[in-house]
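Provided below as structure tokens are two forms of one protein chain, presented individually as structure 1 and structure 2.
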Structure 1
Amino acid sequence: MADLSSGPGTPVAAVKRTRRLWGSESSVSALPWLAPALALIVGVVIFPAGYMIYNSFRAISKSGVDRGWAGWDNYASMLDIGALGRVLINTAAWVTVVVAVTLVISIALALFLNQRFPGRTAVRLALIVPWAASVVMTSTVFVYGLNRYYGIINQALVDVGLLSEPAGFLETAVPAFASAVAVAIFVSIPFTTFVVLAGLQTIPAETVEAAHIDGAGRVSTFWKIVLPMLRPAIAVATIVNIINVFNSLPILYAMTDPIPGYDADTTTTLMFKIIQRERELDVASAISVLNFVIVLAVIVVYLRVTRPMREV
């Protein structure tokens, strides 16, 4: 079937008419379409963002009073944090594992939910529950359930025979971190699955059937036809997941906060601990800026490498 998206190969006459609908225009006539979005972004986001960057160069007292220019001191203090190396490694592991595993499982689930079978709606409804519940609430249940003493999940694992006695899942850095990764994957799957599912449903059934008639097996149909057409949806899901997981606070905070040291922290939880415990807003602002720069870099690299949208 011919590729019908715009680009080379479209009949000339159609191109000419389309151009009259969408002639090349100056950026000014873009304004009515973009103005509300720009207004919201500039009005609501830019000011606080600027304030955060501004704060990272100021000395702020523990009660929140601005005490004057601090130059690069906050950034220096941040680099002085001994655990920073470990924290950066944790952050990389956190984002990579959660996003990758979520994506793989979600694509499988989306393919599954694209099929018709009795009870499909019920399964879709069940899948939306972890997404509907706030991450704080879900983390709270796991913190409660994995507690060594009164945790019901722990008890269940013992009763089923997987454990001989309740385990301290959240008591040391590595198991707690692993548990948090599992929970993060758990809460990220629903959203990712639905984005991929929406993408699947814009793939015309005829295309897939044509491949079958041409003799392609199901697996190669998937790899050669379906997956490439899913690229935009996967790209969106990946980018949003990278950003959300990177900035994710509640899961790690709920599950690793009592643990001493910084061995289970990512840059976001480190920043939060510095606000909560040391009450150093200025250093925390510097870490936020660092966070932002890292996410920005990651996304830019991702976009460059994968070029998921030829149109863009």
Structure 2
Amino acid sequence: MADLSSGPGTPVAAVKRTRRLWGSESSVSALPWLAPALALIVGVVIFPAGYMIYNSFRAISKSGVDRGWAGWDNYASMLDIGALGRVLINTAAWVTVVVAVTLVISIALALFLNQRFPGRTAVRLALIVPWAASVVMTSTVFVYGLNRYYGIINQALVDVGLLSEPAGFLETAVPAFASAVAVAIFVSIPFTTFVVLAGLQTIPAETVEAAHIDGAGRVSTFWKIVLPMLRPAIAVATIVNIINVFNSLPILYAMTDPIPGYDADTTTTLMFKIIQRERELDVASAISVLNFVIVLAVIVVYLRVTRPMREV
């Protein structure tokens, strides 16, 4: 009997060729519908990223004149910045602490908001306010509130006995950086909470009830049933927060810009200061490429380690 499973003239090969042709035709016919999205991706993501990488290898004057190829000189100048090591440590601490603390608080809040209680809708709406408000406005409110001489937050801490006298939270690098971390957590909680809450809504109530019937307690049910099923939602919230926090400029700029030097800076604010103070667009582009590589590497490692879409 003839073998129908191989050979260019067999029915199986003909079916495969038909499927390839059909797939190609389907892809071509879908292009007009995908064109707007592709144009947006090219214009907003690919072109700016490519132009940034291009500028990082050019010698650009402070007036913006392109003087030609610079090779790796801009990256060498970036490495020559004395505070670069401190800035990288600040960046790692900034992203890790803000994302981790935000995630822990948001999971607790999401579990609370997933329960039925009077006024739940009002509480959910109130939680949106820090997210809906302008980050610059929120940061400015905290800048004034933490001021040593007229800040209401400072005075409130004195009134409740946590401080003996108003403190200069934004006058030195470490307290200013810690204050910025606290504000970043405050701003990041609403989005993360609602993403986790949406994940909780997808968990069937029957699954949790079955665990309770089998004798599992609340803590055991959370760790063994709820948390694994929340993995995709947590992964989305974590990735978005890593990108947002890593590239966050308004909070750090508003709260740490008066600090001399770069002791309270991350790579993002360092890049901005290089542009604003030194007018070195080429070196700032090199720092931007470093930012891009770091955040991409962090996300890839996170996805490889957590594997959020694997079977639960």
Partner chain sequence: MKHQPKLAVLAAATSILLAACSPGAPTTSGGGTAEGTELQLLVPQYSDATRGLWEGLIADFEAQNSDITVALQVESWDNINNVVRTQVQGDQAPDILNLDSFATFANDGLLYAADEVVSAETLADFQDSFKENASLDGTQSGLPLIASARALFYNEDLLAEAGVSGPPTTWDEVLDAATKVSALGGGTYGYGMALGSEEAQAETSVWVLGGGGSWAEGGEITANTPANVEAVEFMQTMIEDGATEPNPGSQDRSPLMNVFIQGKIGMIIGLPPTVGEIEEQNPDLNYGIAAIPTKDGSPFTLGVADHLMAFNNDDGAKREAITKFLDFFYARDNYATFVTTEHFLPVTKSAADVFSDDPQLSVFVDLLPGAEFYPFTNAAWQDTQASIQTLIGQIDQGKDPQEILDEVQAAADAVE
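Here, rigid core means the biggest group of C-alpha atoms that superpose within 1.5 Å across both forms. Quick caveat, the model's predicted, so the values are computed rather than measured. Every residue number counts along structure 1's sequence, beginning with 1.
Both panels show the same chain in isolation, but it is structure 1 that comes from the form predicted together with its partner chain.
Taking 2 Å as the criterion, P258 does not count as shifted between the two structures: its C-alpha moves by less than this amount when the rigid core is aligned. Core-superposed comparison between the two structures: the CA of G50 stays below a 2 Å shift. Taking the core as reference, the Cα of A37 moves 3.3 angstrom between the two structures.
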